Each structure stands twice: as structure tokens, then as C-alpha cells.
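Just the one chain here, laid out as C-alpha cells, in the form predicted on its own.
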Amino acid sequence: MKRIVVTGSKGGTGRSIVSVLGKAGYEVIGVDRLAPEPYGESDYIQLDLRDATGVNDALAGADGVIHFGSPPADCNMGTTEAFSMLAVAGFNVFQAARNVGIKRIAWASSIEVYGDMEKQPQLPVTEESPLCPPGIYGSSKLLLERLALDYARWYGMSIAGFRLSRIIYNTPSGRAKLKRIVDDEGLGGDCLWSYIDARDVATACQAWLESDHQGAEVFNLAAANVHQDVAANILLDKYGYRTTPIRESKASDGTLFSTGKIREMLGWQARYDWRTMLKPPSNQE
């Protein structure tokens, strides 16, 4: 059995990652800033990732690490604090992994590295699309993507960053969020109406851990379609993308946030569709 450390394990996506890996037979150690359960958790370490020594200790003995221990946005934070929680914490994870001999890392990058989607010269967005982060959040993620390339080159590590679209959680509040952006279709335009179930994020991380690909990669991560019954090209026309060239798609509701790279390289497929995600849990797999 392989031992995997998951940072951000008490967050929405982190909980799904812990659950999926646990069911797959991995020994999972969770790391987060939140306090453990009242009676303790033998498989959990309370830790601020800005504590480099603590991160080094937490990763010792592990075979891989999945780093999702960063805030979901930089709002309500000063620039210095945001950079520290994103870039410094991410560096600490990469460096600690190197120190203790971990070779495989999966981590959360962001769709924000692309900047304003209305300014993209062509759709769907691919990993080769122009990068123009609008603030310190996206810029910090982009810095870590560059750092991952160097760590892979310097130390023979294999590091995958996932440029995540809008993540939806399999919880009442998660389904309410999804229903809100489905009912008001204009709300989804900032992410090109792309979305991803947190459980699909978890299987993507697992696919990287179990692959034999070397070096550093970035992957867009989204479901195969947009979260509307309206065709993607109609959404683009309605919400200000009339002049953006669109590559041909096999499906009219196909995602505008291309996941061709991860599907081809890792054989990953999203399992959860927005329609089934809106159903009560008893009606889902």
C-alpha cells in the first residue's frame, strides 16, 4: 500500500481526494490548518504549510503528495498574505518532497492563470492558450507551475498541476451552488460555463500518481460539457464572445475548456455530469 499525503484535506476537494484514495486502498495522511476532530485523528496532521519544518516532517515516509492546501481565492486577503499562503506554502511542499525523496506530486493550479476569458484569441482554451493572470492568485499559481518545471528538471521529480475550472462538491451547498449557476446562465461565463465535480478532481490526481509519465505537466480539468442545455456557441454569442474564433467540437454542448491533453495522456474521463449532480445523493453512484 502506498502512503499519500493530502494537503488541504479538510477542504471540499481535499475531502473527496481523501475518500477516493482511501477507497482505492491507499494509506492517506491528511494535512490542514483546521483542528482535528474532538477525539483525535490518527491519520491527520494539523499544520500551516508556511511552516517549512513542519511540512518536511509531515511528508517524511510518504510515497507521494497531493497539494490542495491553498485558499480558493485571494479575496479578503492582503497581497502579502495571499502570496505567502499560495506561493510560499507551495514552495514548502515542493522542497519538502524533494528533501524526503518524494518523486510524484499532484497539485491545484487554477483556471485563473488564463485571465479574462473574453480576451482569449481562440476557444476552447487549451494548455497552450495565452496566460495572463489578473491578480496575485493566478500569478502565484503560474509561479508554482514554473517552479514545478525546474524541480522536475533539477531533481527528477514528476509534478502535475491541474488548472481547475469551477469545482462543484457533492454536498447540499455544492448542489445549491450548481443549481444557482445553471438557473442564471450568465453567472457561468467567467469560467466559460465549465465545471468539475470534486470526485473527478480526485480521480485525476490518482491517475497522475499511478502513471509513469516523467517531468512536469499542466492539465486543464473540467467535465466534458458546459453546465447548460444551451449550445456553447449560443452562450458565447449571448454573453460577449461573438468575435472569438471557435475550433470545431463534436458536441454542441462540449466544454470550452479543453481537457484533451489529460484524456490522451492519462486516459482520464470525468464521470459526473451536471444533470446527475443536481439529483439527491441516493440517485447517484
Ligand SMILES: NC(=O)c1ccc[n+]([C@@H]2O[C@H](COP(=O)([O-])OP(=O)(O)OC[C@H]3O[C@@H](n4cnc5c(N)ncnc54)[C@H](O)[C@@H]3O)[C@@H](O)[C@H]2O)c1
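In this text, all values refer to a predicted model and were calculated from it rather than measured experimentally. Numbers for residues come from their place in the sequence shown, where the first is 1.
Another form, the form predicted together with this ligand, is not on view; read the next lines as being about it.
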Item to check | Contact test in the model of the complex: N225 vs this ligand, heavy atoms, 4.5 Å | outcome: no
Next on the checklist: Taking this ligand as it sits in the model of the complex, is Y137 near enough to touch it, meaning that at least one heavy atom pair lies within 4.5 angstroms?
Outcome noted: yes
Checklist entry - Does A152 reach this ligand in the model of the complex if we count a contact as any heavy atom within 4.5 Å? => result no
Checklist entry - Going by a heavy atom distance of 4.5 Å, is A62 a contact of this ligand in the model of the complex? => result no
Next on the checklist: Check for me: heavy atom within 4.5 Å of this ligand in the model of the complex, for each of G186, A232 and G254, yes or no.
Outcome noted: no
Checklist entry - Just one of 8 to 16, 272 to 280, 21 to 29, 258 to 266 has heavy atoms within 4.5 Å of this ligand in the model of the complex; which? => result 8 to 16
Checklist entry - Just one of M85, L209, M157, L143 has a heavy atom within 4.5 Å of this ligand in the model of the complex. Which one? => result M85
Item to check | Residues within 4.5 Å of this ligand in the model of the complex, restricted to 195 to 230 and counted by heavy atom | outcome: none
